[in-house]
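Quick setup: the structure tokens below cover two forms of a single protein chain, split into structure 1 and structure 2.
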Structure 1
Amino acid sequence: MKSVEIKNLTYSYVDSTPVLKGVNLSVEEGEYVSIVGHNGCGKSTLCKLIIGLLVKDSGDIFVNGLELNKDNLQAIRKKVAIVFQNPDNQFIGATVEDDIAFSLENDNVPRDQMVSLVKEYATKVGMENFLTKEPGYLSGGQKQRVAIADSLVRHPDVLILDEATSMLDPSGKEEIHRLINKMREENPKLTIISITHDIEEAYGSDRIVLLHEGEIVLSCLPSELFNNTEIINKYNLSVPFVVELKKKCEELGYNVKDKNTVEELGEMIWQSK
């Protein structure tokens, strides 16, 4: 089943500068897709179009088979949640508890059920001990955890992460990466679309979509992209550390065919000594 289907999507700025040029993309239910590309290629514009924050010039967008239009906009927004680059822009409540509860209050969820859901989703993201804290006093990683809880408590079918780790330090990014993996284990049907510059994050997804100057130029497995030297050089992409390490190990004569993480490669090297 297709969670998101985009057909011949175009969008231009007010001055008619084209941003997206006939984009076609399908994302299956439960798939984790990373959309990568340099600044200005149209990544964030694409995700804002999917949730109806921008209006397309032409083309079609479907979410779980429902066409995105004025009649279906609110129904689709209940199916899709988005976490932006700066979580401060999403905070509304005076405390973490208030913030997670905000969308539930809008949906008139009974108070007993609301309290239970807030606690459940705060626990899922490891923020159950911060419910009475003001969001402004949280670290960057903690703020993103709360923003993700805000989104997940609505039980979306599709979660869009728009540069959700770009403002975090390495430990904060690792927190969010672990949380994404945990979310997928708990809900295999959750579809995740990540707009990211974090190559390590993209390497952990099911598929990478490379966007360049408003067009999709490649859609493939992460390993296929990062082992393609021609594409890497042509689009000036970075390479994940684990890929560079694997290549170095191969040059030294190690068989690394089934090793996909730094930990596995390190253990292999250690055992060979």
Structure 2
Amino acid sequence: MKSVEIKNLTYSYVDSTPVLKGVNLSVEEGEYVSIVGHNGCGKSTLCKLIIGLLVKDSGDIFVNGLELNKDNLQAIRKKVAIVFQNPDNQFIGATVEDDIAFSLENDNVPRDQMVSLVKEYATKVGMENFLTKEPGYLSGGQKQRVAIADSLVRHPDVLILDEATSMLDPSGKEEIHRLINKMREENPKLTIISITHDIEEAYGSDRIVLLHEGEIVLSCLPSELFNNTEIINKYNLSVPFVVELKKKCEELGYNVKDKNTVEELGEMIWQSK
């Protein structure tokens, strides 16, 4: 089943500089798609269009078959949740519990249900001992975990991560990556669209979409993209370590066919003379 379907989407700034020039993309239910591309390629704009924070020039957006338009904006926003880049600027409540409750208040959830849901989702993201804490006393990673709880508590079908880990330190990034993996295990139907500059993270996703100057250049398996030297050089992309290592080994004259992990490549080197 198609989770998100985008047809011929265009968008321009007020001064009519085009940002998206006819984007077609469809994402399956439960798929984990990474969108990569340089700053200014239109990735964030695309996300904002999907949840209706911006209004498209032309084209269509469907979420689980429901078309995005003025009338069902709130319905779409219940299906799609987004976690933004800056942990501080999406923390709305005074404390962790208030912040999670904010999402539920918007959905007019009765109070007794809210109390148990807040606890349940805080526990899911491992923040159950911080319920009464204010954002000033939380680390970036913890704030982003709360932001994920804020999103998931509304039971979305699609979770968009708009560079959600880019402002975190390595341990914060690790926390979030682990949490996302756990969420996917618990709910295999959850579709994830992740905008990222973290090549290693993108390498671990189901599919990678390369966006350049408002157009989709490539949509394929991560390994396909990173082994495509022509594309890599043309769009000046960094590659994951294992891909680079494989290439270097090949240059050294090794037969790297079917060697896809660092361990396999290492074994190949130490076994040769």
Partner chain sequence: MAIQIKNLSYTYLKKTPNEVEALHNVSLEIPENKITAIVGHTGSGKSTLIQTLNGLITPTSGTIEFKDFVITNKEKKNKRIKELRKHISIVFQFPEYQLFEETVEKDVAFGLKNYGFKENEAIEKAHEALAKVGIDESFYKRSPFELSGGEKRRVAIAGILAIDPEVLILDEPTAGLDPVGSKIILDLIFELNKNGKTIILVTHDMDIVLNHADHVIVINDGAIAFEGKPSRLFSDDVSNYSIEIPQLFKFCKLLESHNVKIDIDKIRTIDDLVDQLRSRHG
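Take the two forms, find the largest set of C-alpha atoms that superpose within 1.5 Å, and that set is the rigid core. Computed from a predicted model, the values in this text were never measured in an experiment. Start at 1 and count along the sequence of structure 1; that gives the residue numbers used here.
Taken from the form predicted together with its partner chain, structure 2 is distinct in origin from structure 1. Relative to the superposed core, Leu265 undergoes a Cα shift of 2 Å or more between the two structures. After superposition on the rigid core, the Cα atom of Gly253 is displaced by 8.8 Å between the two structures.
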